[in-house]
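A lone chain, given as structure tokens: the form predicted alone.
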Amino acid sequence: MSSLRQFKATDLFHFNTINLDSLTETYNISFYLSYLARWPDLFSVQCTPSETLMAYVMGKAEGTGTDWHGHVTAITVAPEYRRLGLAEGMMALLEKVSEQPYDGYFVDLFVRRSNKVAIEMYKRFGYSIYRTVVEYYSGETTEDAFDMRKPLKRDVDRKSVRENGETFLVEPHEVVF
């Protein structure tokens, strides 16, 4: 049994074990706090009954016009709690909030091209590859990202998705909302 609740500032003192994954992007404390202050309803944590943090999702609302959407900035599950369906529940909540009250057209996220497990998981959740962002991730190794999207009810014409998105290449500076 676990519960899904809004992230609190004090959770920052307890989520290091969740972030200890090479595929999880980590940020400085002010970044997390800025999301918490601006989009608290898009920042959630999954906890055990004893309040041990199991996973979190952090998102925001951005864009203009038909590009207005929810964005998944980070989602991660501690290794010992994976394959329990936690990510699916957190993504469903973020999608629901992106739809109401934010009235977004779609939800998007960026995922490393090499992260096959995550890509397949997002596809099961209804996401598809919209485009490839060349050399999006930098550091010790440079890697492309897939911009994956899931249309919401407001996108009745499904303009936020396309066929064969992995073949549509863009540079990082072209990703603007």
Partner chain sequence: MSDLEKKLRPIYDALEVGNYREGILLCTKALKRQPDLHAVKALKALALERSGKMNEALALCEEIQWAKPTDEATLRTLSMVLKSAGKYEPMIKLYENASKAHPKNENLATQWFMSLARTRDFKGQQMAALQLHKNFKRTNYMFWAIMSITLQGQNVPANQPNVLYQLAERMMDKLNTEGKVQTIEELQLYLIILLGQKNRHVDALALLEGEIGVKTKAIENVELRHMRIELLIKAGRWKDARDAAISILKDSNSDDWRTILQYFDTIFLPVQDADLLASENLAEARTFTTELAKNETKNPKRGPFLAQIELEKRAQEKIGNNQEKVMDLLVSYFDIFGSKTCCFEDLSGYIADLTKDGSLDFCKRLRDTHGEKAETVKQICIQINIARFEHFVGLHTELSSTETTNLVNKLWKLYEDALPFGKDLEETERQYGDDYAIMAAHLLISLHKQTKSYFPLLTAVFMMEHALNASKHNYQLKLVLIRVYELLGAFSCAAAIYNTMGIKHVQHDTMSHFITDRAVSFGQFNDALNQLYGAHEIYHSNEAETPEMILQAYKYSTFSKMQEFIEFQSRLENSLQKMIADRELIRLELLKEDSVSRAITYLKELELGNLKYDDKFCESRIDNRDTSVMLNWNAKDTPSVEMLTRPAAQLGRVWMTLFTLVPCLLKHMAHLSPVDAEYERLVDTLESLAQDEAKTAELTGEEVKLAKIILQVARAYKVLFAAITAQNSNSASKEEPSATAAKIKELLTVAGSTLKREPVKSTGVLPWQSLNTLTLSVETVSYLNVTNHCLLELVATKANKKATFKAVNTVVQEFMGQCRQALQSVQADITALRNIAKPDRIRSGLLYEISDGSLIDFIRSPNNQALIEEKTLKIGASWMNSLVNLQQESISRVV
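Positions refer to the first chain, counted from 1. A quick note: this is a predicted structure, and the numbers were derived from the prediction, not measured.
The same protein also has a form predicted in complex with the partner chain, omitted here; what follows describes it.
For the options Tyr27, Phe110, Trp68, Tyr137, the one in contact with the partner chain in the predicted bound form, meaning a heavy atom within 4.5 Å, is Tyr27. Partner contact region in the predicted bound form: 32-40, out of 128-136, 144-152, 32-40, 59-67, criterion any non-hydrogen atom within 4.5 Å of the partner chain. At least one heavy atom of Leu12 is located within 4.5 Å of the partner chain in the predicted bound form.
At a distance threshold of 4.5 angstroms between non-hydrogen atoms, Asn16 is in contact with the partner chain in the predicted bound form.
Contact between Arg5 and the partner chain in the predicted bound form is found at the 4.5 Å heavy atom cutoff. The partner chain in the predicted bound form is not approached by Glu166, whose heavy atoms all lie more than 4.5 angstroms from it.
Within 4.5 Å of the partner chain in the predicted bound form, a heavy atom is found for every one of Leu20, Leu23 and Arg124.
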